[in-house]
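Single chain ahead, by itself, as structure tokens, in the form predicted alone.
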Amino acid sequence: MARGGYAGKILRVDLTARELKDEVLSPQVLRQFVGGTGIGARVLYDEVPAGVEPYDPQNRLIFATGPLNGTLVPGSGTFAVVTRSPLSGFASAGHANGFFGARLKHAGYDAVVVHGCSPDWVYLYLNDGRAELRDAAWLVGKDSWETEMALREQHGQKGMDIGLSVACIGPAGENRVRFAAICSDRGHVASSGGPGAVMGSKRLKAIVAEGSRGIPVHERDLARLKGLIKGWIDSASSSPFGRAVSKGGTAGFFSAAENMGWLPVRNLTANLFPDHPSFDGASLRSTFKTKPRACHACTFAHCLLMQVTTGPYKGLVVEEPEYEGLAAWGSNVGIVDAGTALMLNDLNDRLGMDLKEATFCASLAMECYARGILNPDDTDGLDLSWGNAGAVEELLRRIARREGLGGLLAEGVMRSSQRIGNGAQELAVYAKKGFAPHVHDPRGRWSILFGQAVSNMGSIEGSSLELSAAPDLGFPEPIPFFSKEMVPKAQARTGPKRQFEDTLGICMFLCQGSLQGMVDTLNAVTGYDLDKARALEVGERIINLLRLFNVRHGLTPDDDSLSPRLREAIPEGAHRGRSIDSVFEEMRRAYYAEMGWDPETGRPLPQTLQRLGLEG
């Protein structure tokens, strides 16, 4: 009988042999890693040795849920995708919200582990413990929304009925754009590290999950469990972040980002964006028509369908962009019309690309064009002047098809800058593992900047504490924005908490309450008896296992670093002149020491591994 919170099995998919096999995860692995990124990290480390490249059929692509997925816990539709990244060559863990994590659990599986390469395009269909590979040739060339809607119709679902969920790739994944994403439930995207390119290399177009299997729950006193869930909802909703997101989505932070100096403007060549008010969440929601579209069990009014009501794209219906999508296709490429930014964000999702990498590839090309490093012959006639929306739209399509300049940019920011040459390397925005940062000017938020540099997973492992305190972790007050002493310490302490949260199968926006409340709810669902210290140990174990995987695949301290542009001083605005450059190496050594790693090499020390049960 499955432990509470788990379906009780994972599905092994060998695409080369067309074999599907159920497998039970050991209770010890579940106890040590809980779910989500943790299960993915364990499988990746155990099964992808040195020499297995990202597009090798033996690379694993792991879709993993957590023990709270599919329950009444708010935001429990989230799932993790873990693989060896074609963008960095190291581990990557992407997450998407929506419904797919819940539907995968209801279909009877805690995780799906894919390896091999199909000779023909296929999709995987899951329903109540049954799994089939089906022909997907008819889906090739369709974008992510078209693919989802075609599969919904194929399986008898009308419109966006929530009984079925699809995770799929678009043209970018089919063409192995290194930063291709996996898209589910329209606007929900697992993107970091390019998992969609790995999915495309295996000729797996989609996974369809539906089912009616319930989730076993350990706690027999349902009133107590509902009380814990209510406490979770109340604490998340009453937090400053929760109140802001419910009112204006993450776009509600757009003007604040400009005012506080961390809005990305024209490839980080500027920091002031006078048009920011029209991009802010409250303005968007009052200007355009909206319709709520919540994720599984979510109580936030965060996700909306939005109809553009003015400008050249009047009538277009899209998923409301997050702050990063608006910054990506607004200020970072010089576009001042919010409706146009909505269109480009929608296009990027449909093509199936990580918007972080896509926007910093586009803005790199635009800055190179402005400086004469690229000319019209290099761009196949595209006028890549700042703010030229038509050119950006066409550039995204060419990236997804790997055509002309788009084929070069499909390699990602770091590789593209190296191939363009002539000084482009000095302009490119990336962490030196080979991926673009989140869509901020992170030079104005050192916790974001530093966290991106030292991350082992293609995104930020920890949390930012400049805007909120973390009493559970020993930070009763927010930390300073530019503290070389506090930022490494905060990263080391928030990383384990954030990674523990990611094992649960819930949205990070709902993780704004106390750690104790999360632990109590997990214990009630599963029957575990974790306390806060052991919960943090789970997250620490995941970070260290990812670190060991990356060291195996060649990681050195130089990879935990930043591109020249990210080391430059901020050119204007609230934090003009600030630069992390002179203190970065000192901060990195302090972080390594705080993590229990060798301060010079960044490798986990034997005593750290022994304490975490990873010495084998």
Partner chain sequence: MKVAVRLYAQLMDYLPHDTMGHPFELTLEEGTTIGDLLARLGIPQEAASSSILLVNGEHGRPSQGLKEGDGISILPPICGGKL
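Residue numbers count along the first chain shown, from 1. Keep in mind the model is a prediction, meaning the values are calculated, not measured.
What comes next is about the form predicted in complex with its partner chain, which does not appear here.
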Point to revise | Among 81-89, 194-202, 245-253, 526-534, the region lying within 4.5 Å of its partner chain in the predicted complex by heavy atom distance | key: 245-253
Practice item. Please state whether every one of the three residues Trp262, Asp280 and Glu477 places a non-hydrogen atom within 4.5 angstroms of its partner chain in the predicted complex. Key: yes
Review point. Heavy atom within 4.5 Å of its partner chain in the predicted complex: which of Gly159, Gly156, Pro240, Gly421?
Key: Pro240
Review point. Since exactly one of Thr309, Ser385, Ser468, Ser514 fits, which has a heavy atom within 4.5 Å of its partner chain in the predicted complex?
Key: Ser468
Check your understanding: Within a 4.5 Å heavy atom cut-off, is Tyr109 in contact with its partner chain in the predicted complex?
Key -> no
Check your understanding: Do Val140 and its partner chain come within 4.5 Å of each other in the predicted complex, heavy atoms counted?
Key -> no
Check your understanding: Hey, in the predicted complex, does Ile448 get a heavy atom within 4.5 angstroms of its partner chain?
Key -> yes
Review point. Glu411 near its partner chain in the predicted complex, any heavy atom under 4.5 Å?
Key: no
Check your understanding: Taking heavy atoms and a 4.5 Å limit, what residues of 309-341 are near its partner chain in the predicted complex?
Key -> Tyr323, Glu324
